[in-house]
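In the form predicted on its own, a lone chain appears below as structure tokens.
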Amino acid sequence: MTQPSEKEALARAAVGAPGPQRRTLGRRVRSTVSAYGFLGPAMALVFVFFIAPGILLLILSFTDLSSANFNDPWNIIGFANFERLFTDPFFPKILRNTVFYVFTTLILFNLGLALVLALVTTSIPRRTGFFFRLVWLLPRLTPSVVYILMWRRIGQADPYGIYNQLFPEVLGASGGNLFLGGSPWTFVILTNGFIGASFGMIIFTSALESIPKDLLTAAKVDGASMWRIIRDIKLPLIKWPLLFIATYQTLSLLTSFEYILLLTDGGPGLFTTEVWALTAYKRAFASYAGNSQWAFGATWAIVLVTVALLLAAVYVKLFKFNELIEEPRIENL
């Protein structure tokens, strides 16, 4: 395409015709306005349902509000709730429980077992792999109450507990209730881990299926073992799904307490299996001598949100998020 001559450029300027630079600027403005126009509804929903409640939660943590009724009197008390939280005698135990629960479940199931299931089911015939993935999705598809009732039946004392009938001495319960006197953490991690593994399995399977078959075939022709193919080809090419699952599942485990509440309610005893999110829920909604401690529950929650944001930033830095999303470079030969 020939460039406009000097006379044509002068003629355009004389009649006010738009030049190349004005057309380019106009396209940029229109594309920017269109992008924000499409993002506008989603941004509004995020602000209304996430950012605004987070701000309200932060404000509440500095008050003495004792119930969910905002018409009740409440006053600004500064950092008194935070001081009360960090001096709570059970704070170290709840913190240890949360760290143990999150990282044990994440490493063993949400990442480890999920990756193993994805690798195995993509290495066997397609229909067989699909069947096994469907079986592993059943815990996620089952309603939480029904799912926990099944586990409680498994761990009940003799003569009703299925596990005690089959393996009476393995977990040290001596025929008793495994949730109350045996191994409550084992069942807490198993119940949550099977659900988390199913989600990671689907994401990893999709990523592994998208790897070009030519790479795997070439590696096999060169004599690479299955372990070398997994270590040097498959794992590096699914780095982005690994980042997503690690970040998402860490945040999900930090804020999850539904299955623990239904299974053990934080027991047996004092805070044996109670995690941070469950404590925040109980402080805000459970009644202690007729007082639900709404503001104190908000304090536990805002600390949890802060920790979750810091962990997300660590994951982004650890996995070099900027390198994963940058455009590929085209080298001139």
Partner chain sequence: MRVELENLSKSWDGVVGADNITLDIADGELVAFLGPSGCGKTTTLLMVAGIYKPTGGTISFDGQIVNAVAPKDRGIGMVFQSYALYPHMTVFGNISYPLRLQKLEKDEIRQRVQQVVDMMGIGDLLDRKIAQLSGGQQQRVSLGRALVKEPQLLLFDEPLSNLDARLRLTMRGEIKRLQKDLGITSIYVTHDQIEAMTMADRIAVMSKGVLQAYDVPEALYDRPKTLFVAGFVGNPPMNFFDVEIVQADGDFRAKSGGIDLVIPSDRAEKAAAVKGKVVMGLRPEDVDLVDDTSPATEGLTLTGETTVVEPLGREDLVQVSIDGVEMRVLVDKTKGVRVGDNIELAVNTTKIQLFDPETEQSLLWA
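Positions refer to the first chain, counted from 1. Everything numeric here is computed off the predicted structure, so don't read it as measured data.
What comes next is about the form predicted in complex with its partner chain, which is not displayed.
- Proximity of D232 to its partner chain in the predicted complex falls within the 4.5 Å heavy atom cutoff.
- For the chain shown alone, R228 is a contact residue for its partner chain in the predicted complex, at least one non-hydrogen atom being within 4.5 angstroms.
- Not displayed here, its partner chain is approached by V221 to within 4.5 Å at the level of heavy atoms in the predicted complex.
- Its partner chain is not drawn, but in the predicted complex it has no heavy atom within 4.5 Å of P92.
- Of the candidate stretches 145-153, 116-124, 209-217, 79-87, only 209-217 contains residues with a heavy atom within 4.5 Å of its partner chain in the predicted complex.
- Of the candidates V99, L237, L108, I202, L237 is the one whose heavy atoms come within 4.5 Å of its partner chain in the predicted complex; the others do not.
- In the predicted complex, its partner chain lies beyond 4.5 angstroms of every heavy atom of every residue of 107-128.
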